[in-house]
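Just one chain is shown here, as structure tokens, and it is the form predicted on its own.
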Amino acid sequence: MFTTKEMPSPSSLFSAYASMAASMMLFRSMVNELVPYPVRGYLLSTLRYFFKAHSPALTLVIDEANGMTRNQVYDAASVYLCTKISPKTERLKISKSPKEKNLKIRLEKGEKLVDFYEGVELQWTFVCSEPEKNNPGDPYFPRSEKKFFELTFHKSHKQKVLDSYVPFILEKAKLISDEERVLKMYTLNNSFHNCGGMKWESINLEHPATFETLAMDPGLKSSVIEDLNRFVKRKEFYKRVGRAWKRGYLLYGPPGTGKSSLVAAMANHLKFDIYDLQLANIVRDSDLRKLLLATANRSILVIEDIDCSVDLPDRPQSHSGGRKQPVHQQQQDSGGTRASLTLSGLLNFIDGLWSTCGDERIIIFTTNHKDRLDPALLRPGRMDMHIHMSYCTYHGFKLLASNYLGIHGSHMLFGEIEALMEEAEVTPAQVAEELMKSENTDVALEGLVKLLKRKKLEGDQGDEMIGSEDRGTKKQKTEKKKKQPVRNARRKMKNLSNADIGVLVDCA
């Protein structure tokens, strides 16, 4: 220990500190002058690496989205982790739909849980981060929050986690989803669209339609079922021939013939989710691509009433073709707002390069007027099978009578109904409505007979009107033919010169 006399004075300490500080500043100036900046940066980073504390843990970040598509690992982890919730977990999300047997449990944001796999401890954390606006003056609200999982474990187990644990989660989640699968129907959330973003939102698909209850021509129904079953079994075939694993169907026919019911029956038969796309809500081709890429595999994309859902601009046409420009193109030429949702953009996703972004998908267009559709939509590869949903047949009526009235045999009015159906056009929806009006079989069938007679009478009156119109048209054509020589003579007289007229008078 220093005695009081041996302790240096404050002035000497200050002088030593000042001398050392000056030496350090001089050394720093010399280093800045003599050592290039990149070398200084490398030396500093090397020093920080050796002196900082190194963690033995490695963290994998699993985002909800992978670019414009869903992250399959994120979805699998969300399903798998609900089976690993421990009593230590403090906050959980629970939900249940009417058709689900059990509660659906999910982690709340910020919650953690620990899983063990072959002796390896793995810690999961569910993170939700609020996005920030890039421009404070931006009138749009920020897009939906960013969600991701963090998976933390010891670095020495990296290969085991990547090569074994992650594939195990994917397989386990698939088995859980197949056991608890509830079909979903997705639709576009307009509030997200108005706020500058787009998002699919779902509800449980509880439509009871099946091929067994569908009032449809038996031969056509069988061909549709066979086509669907063949499609889902041909993954390797589509890969071998170099085609996207998808199938397109066009359902056309009068309103009330069961087009929507057929879509539901197809979904229930294949266990596919339905995405109901309303093109009127889409502004740009880029928005359409983002939405379609966000659809899952094993799904049915439905665009109903394609002929009147939106006025799609045609592909570029030459002005010399004499074809009227679409309204959107006219607005663009006149300096108006440019609408870039095009028929080309839709076709490119149906069978262009974008069609390969997904497997085992079905695309369905419905229309009441097939003749109004652009021929480009109808060719094979886009709409592979055209299904005509026609008026109700006698076979369809018997199926509806079995479903609604429980008639599995015959009835005294069936003969009259069969004869009337050969002469009257009535949709399955109209037949079903009549059968629902009474629980009494006789009363319900008598009401249907009255409807068929009324439809037959309306059809006969329509034929008479068409006949009278045809006779009137024929009469007008005859009178026009009689007057034609006079018109031709007058036309020739107008074209003659004065000299020609003088010759004609002399000859007379």
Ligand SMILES: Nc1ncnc2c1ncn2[C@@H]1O[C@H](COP(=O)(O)OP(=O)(O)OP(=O)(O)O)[C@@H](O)[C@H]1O
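Everything numeric here is computed off the predicted structure, so don't read it as measured data. In case it trips you up, residue 1 is the first one in the sequence shown, and so on.
Just so you know, the form predicted in complex with the ligand exists too; it's not on screen, but the next bit is about it.
Interface residue remark: K259 is counted as part of the site for the ligand in the predicted complex, having a heavy atom within 4.5 Å. Among residues of the shown chain, A429 is one whose heavy atoms approach the ligand to within 4.5 Å in the predicted complex.
Residue contact with the ligand in the predicted complex: S78 places no heavy atom within 4.5 Å of it. Looking at T125, you'd find every heavy atom of it more than 4.5 angstroms from the ligand in the predicted complex. Among P255, G415, P375, P380, the residue placing a heavy atom within 4.5 Å of the ligand in the predicted complex is P255.
Interface residue among S299, N368, N281, T342 relative to the ligand in the predicted complex, by the heavy atom within 4.5 Å criterion: N368. Stretch-level contact check against the ligand in the predicted complex with heavy atoms at 4.5 Å: of 283-291, 177-185, 68-76, 207-215, the positive one is 207-215.
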